[in-house]
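Let's start with one chain on its own, the form predicted on its own, as C-alpha cells.
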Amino acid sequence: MTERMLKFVDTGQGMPDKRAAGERVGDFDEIYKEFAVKRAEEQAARCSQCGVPFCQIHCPLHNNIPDWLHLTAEDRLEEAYEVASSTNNMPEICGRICPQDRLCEGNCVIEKGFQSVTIGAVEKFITETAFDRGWVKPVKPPRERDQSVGIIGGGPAGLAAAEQLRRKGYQIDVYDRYDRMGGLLIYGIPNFKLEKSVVERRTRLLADGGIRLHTDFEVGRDATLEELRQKHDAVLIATGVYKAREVKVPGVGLGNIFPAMTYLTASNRKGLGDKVPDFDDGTLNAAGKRVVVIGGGDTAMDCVRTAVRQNARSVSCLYRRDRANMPGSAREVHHAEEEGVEFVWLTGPEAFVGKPNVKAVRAFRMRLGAPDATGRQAPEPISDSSYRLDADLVILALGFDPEDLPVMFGAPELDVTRWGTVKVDHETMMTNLDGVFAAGDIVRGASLVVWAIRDGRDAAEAIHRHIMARAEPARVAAE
C-alpha cells in the first residue's frame, strides 16, 4: 500500500482541467473536464490512508473514501465504484455538487501545507467510468415483496429511499408534482454544476429497476394523504422545502424582484427545451440587465453565475456578512469572481426603489457584532451608511421554508413544528400518523443534497423495520 499511496509529499494537488472563464461564461456546460485515468490514479495516491479518516467522519454519508481512493490508485476502478456506491445512491451527483471544501476535503488531514486530496473529482471520475463501462445496473432485488411504499417527492431524499427499499424487494411508487423527477437537482441547480442528463440517467435506472415514477401528481389534488395511506403499507414524505424566505423592506413588491427558485427554474426549463414565456419575453432573462442578487449561500452563487451566462450587463451579490462567514462554498465564490461577479460584503438591503419596476437597491453597510445563538457574529447596520446600487433585476436568495403541508395534503392531523417542518420521532423517523414517515429538508430544513440522500437511506431502513414489525405478528398468527 505504501508504494501506491502517501504521494502527497511529492505530488501536488490537482483538479481536472477547468475551462477558462472567458470560454465557459458563453454556455451552460460543466466547467470541469474529466480526469484522465492516470491523473485520477495520481491524485488518489495522494491519500495518506490515515488511521482516523476525518474525510469519512465529516461526510454525512460516511463514505468509505480512503478505501475507494486506494482502489483507484491501484487501477481497480470497478471495485472502487462498488465501494463508493455502497454508501451513496448518487455518487456522480455528489462528486459534482457537494461543497467538498466544507466537508470531506475541508477535513482532510493533509490539507495544511500540502492541500487536500481532490476527493470530489475522483468520486465523479470513478462513477462516470462505471457508467461508461457498463458497470452501473438497475436494481434487481433477490426477491419481490407484496408490501408497497408510497414516496411523496422525487428529489434526492425520496429517490434514495426508493432505491434502498426497492433493493429489499418492496413495490415502490414515487409521486412528484413536477413534470420531471429530480426536484432541486433538475430545476434548482444550473447545468454548469450538474448537467440534467446526469440526473435523468439516474432516474431512468430507478425506473428500469421497477420503481414506478408518477410525475404531475400533487398530493391534495390527485389524492389525499389518507388515500395514499390506504393504498400503501407505508408512506414517506420527502417533499423538500421550496417556499422562498422573504425580506421585509420597503419596495419589495415592485416588479422585476423575484425569488431565486423562480429565476433558476425558468433558466433550467429553457435549457431543457421547455416553453418558458416569462423567459422568452425577457422578464426572467438577465440579458443586458444590471442584476443584484441578495444572499450568500450556494443558491445565490447559482443565481449570479446564471446571470453572467445570460449576458447580464453587470452582476452584484450583496451579503450581510464577510467572505469568511459566507455559508456558500468558497470554491463557488472563486468561480463566480473569475466570471466577473462583484461581491459586496457586509451589506444589506434597506429598500427597493422604482415604479412600477425596481430601478435600484438602497443598501446600507454593516459590521459584525456580538455572536448570535449559533455562535456566528451577528451583522449590525452602520448608521448613515446608505447608498444606491442601480438594478434592473433583483433576485432574492435568502433560503427556503416549508410549505403548509397539512393544508396542501388535506391532512390537518399531520403534526408540524413551529417552523413548519414535519415533526417526526427522530429514532423511528415516523410522524404522528402511523406508517407515515418523513425525511430530508422537510424535516431538517433547507440543507445539502448529501444530507437528503443520507436521510432518505435512513428513512428506508426505518420503514423496513416498521413493515417487518407489523408483518411478524401476522406471520405468527398464521402459524
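Heads up: residue numbers just count along the shown sequence, starting at 1. Model, not experiment: these values are computed from the prediction.
The protein also exists as the form predicted in complex with flavin-adenine dinucleotide; that form is not presented, and the subsequent description refers to it.
*With flavin-adenine dinucleotide left out of view, choose which of E337, E195, E218, D401 has a non-hydrogen atom within 4.5 angstroms of it in the model of the complex.*
In short, E218.
*Out of L184, A391, I172, L396, which one falls within 4.5 Å of flavin-adenine dinucleotide in the model of the complex, going by heavy atoms?*
Of the candidates L184, A391, I172, L396, L184 is the one lying within 4.5 Å of flavin-adenine dinucleotide in the model of the complex.
_Location of flavin-adenine dinucleotide contact in the model of the complex, chosen stretch of 337 to 345, 357 to 365, 287 to 295, 240 to 248 [non-hydrogen atom, 4.5 Å]_ = Among the listed stretches, the partner-contacting one is 240 to 248.
*Give a yes or no for M408: in the model of the complex, does one of its heavy atoms lie within 4.5 Å of a heavy atom belonging to flavin-adenine dinucleotide?*
M408 belongs to the contact set for flavin-adenine dinucleotide.
_Exercise: I31 in contact with flavin-adenine dinucleotide in the model of the complex, heavy atom 4.5 Å_ = Contact with flavin-adenine dinucleotide, no.
_I'd like to know whether G154 contacts flavin-adenine dinucleotide in the model of the complex, with contact meaning heavy atoms within 4.5 angstroms._
Heavy-atom contact with flavin-adenine dinucleotide at 4.5 Å: present for G154.
*Spell out, yes or no, whether the shortest heavy atom distance between R177 and flavin-adenine dinucleotide in the model of the complex is within 4.5 Å.*
Yes, R177 lies within 4.5 Å of flavin-adenine dinucleotide in the model of the complex.
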